[in-house]
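In the block that follows, a single chain appears as structure tokens, in the form predicted on its own.
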Amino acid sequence: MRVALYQYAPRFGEVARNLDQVEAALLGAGADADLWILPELFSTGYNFADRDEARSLAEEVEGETWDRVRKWAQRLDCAIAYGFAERDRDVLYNSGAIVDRSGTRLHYRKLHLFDRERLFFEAGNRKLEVIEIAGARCGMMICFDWRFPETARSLGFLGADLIVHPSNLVLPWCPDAMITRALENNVYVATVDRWGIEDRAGQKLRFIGRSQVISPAGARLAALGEAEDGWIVVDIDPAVARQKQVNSNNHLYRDRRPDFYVDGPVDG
């Protein structure tokens, strides 16, 4: 399976311009990928001033952004994963989707909201799932989900070979932490971030870029810098991710001891 990541700096609120830039990049890359991955909230920007502004930029799952992405998928004959601000009647979610020429293959709502996201979005209410693309089993989590190892572990239990991770990272630790998430579950992890600064409503956020693909062995197969538009392309082997035998005596999942694990803080 061939995976391609596109990192850039969207302009806040300039949806049409952002979509045009991404379209030009994807159609001009010549990557021949099975799956393209774009950042979290890739067409709107991230740093909303208030809930009304977030609502004004949010869309239904199969809205304007979805329509453009599906056309790209048709032209490139691939699947495309991306993050977007979702409006479901009166409720807003920080969501993601994987779309191919047939339509929506996966729809996910971010489970773990970061900081001011709680002012605009509701926590996700859709279960984690895994779908197959070009022979590889793919699951999605979004940005701050990385801080909760249960998210990646659950996708591993569901059989994911590749964890697709659209992000708008402002904390510096995630790129290194994803090495651990890959090792914990013997899976590939593709974190696709944005870069740039959004200084709005008294909140100045600097996004760290550093998009990357991590192997099941914890190796960085490819990475981008902190402040650059660009794409990377990586071939992954699902068979490597499906080998959970650590050595002749240890198995990554069968050796777990859930009867002795604690589910939640003992002090509440």
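Nothing here was measured: the structure is a model prediction, and the numbers come from that model. So that there is no doubt, residue numbering starts at 1 and follows the sequence shown.
Keep in mind the form predicted together with a further copy of the same chain is missing from the figure; the text below concerns it.
Mapping the unseen interface onto this chain, A16 falls outside it, with no heavy atom inside 4.5 Å of a further copy of the same chain in the predicted bound form. a further copy of the same chain is not shown here, but in the predicted bound form it comes within 4.5 Å of a heavy atom of D255. Although the partner is absent here, N125 lies within 4.5 Å of a further copy of the same chain in the predicted bound form, judged by heavy atoms.
In the predicted bound form, a further copy of the same chain sits within 4.5 Å of a heavy atom of L158.
Screening 70 to 78, 193 to 201, 148 to 156, 98 to 106 for residues having heavy atoms within 4.5 Å of a further copy of the same chain in the predicted bound form returns a single hit, 148 to 156.
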